[in-house]
Structure formats: C-alpha cells, structure tokens
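Taking the form predicted on its own, here's one chain by itself in structure tokens.
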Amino acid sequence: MSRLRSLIEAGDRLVLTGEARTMDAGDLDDFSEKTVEMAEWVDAINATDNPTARAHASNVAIAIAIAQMGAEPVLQVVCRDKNRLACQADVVGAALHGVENVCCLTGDDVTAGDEPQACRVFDLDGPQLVSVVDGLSRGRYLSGRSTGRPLDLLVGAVENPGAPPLEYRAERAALKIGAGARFLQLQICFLPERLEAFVSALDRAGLCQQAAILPTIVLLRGTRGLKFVHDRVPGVIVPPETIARIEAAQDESEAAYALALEQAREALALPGVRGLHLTDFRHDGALSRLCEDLRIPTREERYADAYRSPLAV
C-alpha cells in the first residue's frame, strides 16, 4: 500500500502533495537535484503528463525517476493526448515499477500549448478515466480482460473550483469520487469565495469523507507569473486587484510569497480540506519557508509522530 493511500485512509492525517518540475533535457541527477527540496516536505510528488499542452519528458519516465530518488510518485494521466489503450498502458506500465498512485485528468486543449496543430484525442474524459483506472485496480482492463491480478492502485483526480459553470464543478467532482477517486487535487484558485463554496458543497454532500480534498497553492515570483497564469492556464482567473496588489508592493517577490501563505492558511481552515497540493515556480527555498511558516514539520517528522493537523490553523 502506498504511503499516500495509508495517510488518506487514516482519515485524520495531513496530506501534502507536490508537482515535479518538467524535464526537457538533463539526466536523473539533474532531476533529483531539482526535486530534493519538495521531497523533504510532501508525501507524494506528481509526475505530470504534458502540462498546459506542452511536450516534456514522459509521465511514466518521471514517475520512475521520482521512485528511484526515494520519494513516492503520483502518475498523472491526461486524456488529451492518448486513447483508452495508451492511458491503460501508462498505468499498468508504471505499476510494474511500483507506481501505485494515479491522478486522472481530462487535460487542457492543445490550443493552450505551443503546438496547437497537434491532434486532440479525448477518447475518454476525466470521470471516465477514473472509472477505467478503478477497474484496473480491481484486475480488469476496460475490455473486461483480466490483468492477471488486481493492481494496488490509489486513484485520484483534478477539479477546478473556480471556473464556470460554477454550479457544475461540485457535480463533476462528485462524478469522479463516485467513479473511484480517493483524492482531488484542485486547480489553482485565486478567488477564495469560489474555493470555499466548492469545498462547502462537497462537505455538505458528505464527499469530503470519501476523498481527500487538496487545494493547490502556487508559489510565484511576482506579477509576471500571475499574469502568465491568468493568460495561459485555462480556467484560472487572477483578479486584477490581486495583480495590482503585488505590482504595488515594494518587493514583488515578498508580496507574492505573502499571497501564497495567505491562500494556504485560508485553504487549510476550510472544513473538509485534508491538506494541500504545492506547485513551486520560484525554486528559491520558498516551498520550505511556506511549510515552516505554516508550522508543518518535514515529511519524516510527520511520520515519526503521526502528525494530524497544521498548528497554524
């Protein structure tokens, strides 16, 4: 059983996941050097699958690299680029290397990336892929053919709490949880009232007891990063007043960090939230600083004393 699964099934343990940096060149030593800080704090690290529709080193290769450096991987699988055969092959192939955590995404459209002429696949959508991976965990391909034995998989998904139609977002999350998702890593949300409404809807429906809800906190250096996220990441809105607040600060970098810390505290205070998903675009020690300011111990320290909730909340 994966560590992430044991934490989620415990029901009262803080859960931290993170996102590995994409790789376009280099070797495993380069990757390990770029990932070591995150590995110190989070319980599992996502191996992304061509995020924002840009080609990078494969999700399966990165998941194996994460495992080789002693951390626990979460294999992302995106429906945009692969049909049902390829999606299943990713999961089963990674499982041969001990990768047990899978996060299912529909994926951004190719127009979000730098090769918009690429063919869209979308043979499955996110909720359907969750169901397919849940079937693999029970020992069956989508065709009904046996895998030989059940795969010990923890299935998760992604949902965007801030993108319209807002009333549909909680319903879509419920579809994914009903299909077998046991954790939801939420898309970046700079609109706290929308995040609160989304989590509250899941909590009222009893879904926060069925899946660990993990809002994303993104660490950026300043207004340039905020504008990029607003302009280039589908479904993410950064309010003009938020950008103006950082732009007006004497130190943009410090103001952007303070914004992330504020968002993390607000997210952890929401009933039904089990932890955070951390995305670090700064790579300057801000991730460690964030966890320390939230008074969250390192991963090993949390395991040693069965840490249950952040003292900052």
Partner chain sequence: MKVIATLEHVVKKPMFGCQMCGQCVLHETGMTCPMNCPKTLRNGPCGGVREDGACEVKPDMRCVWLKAEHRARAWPLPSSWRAHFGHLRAPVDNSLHGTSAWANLFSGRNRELPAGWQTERARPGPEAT
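Remember, it's a predicted structure, so these values are computed and weren't measured experimentally. Residue numbers count along the first chain shown, from 1.
What comes next is about the form predicted in complex with its partner chain, which is not displayed.
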Candidate stretches 220 to 228, 193 to 201, 94 to 102, 67 to 75, one within 4.5 Å of its partner chain in the predicted complex by heavy atom | 193 to 201
Three-residue site Val132, Arg138 and Ser143 fully in contact with its partner chain in the predicted complex at 4.5 Å by heavy atom = yes
Which residue among Ile237, Ala118, Leu151, Cys208 has a heavy atom within 4.5 angstroms of its partner chain in the predicted complex?
-> Ile237
Answer yes if any heavy atom of Ile177 is within 4.5 Å of a heavy atom of its partner chain in the predicted complex; otherwise answer no.
-> yes
May I ask you to check whether Glu171 falls inside a 4.5 Å heavy atom distance of its partner chain in the predicted complex?
-> yes
Would Gly107 count as touching its partner chain in the predicted complex under a 4.5 Å heavy atom rule?
-> yes
Looking at the partner-bound form in the predicted complex, is Asp125 within 4.5 Å of its partner chain by any heavy atom?
-> yes
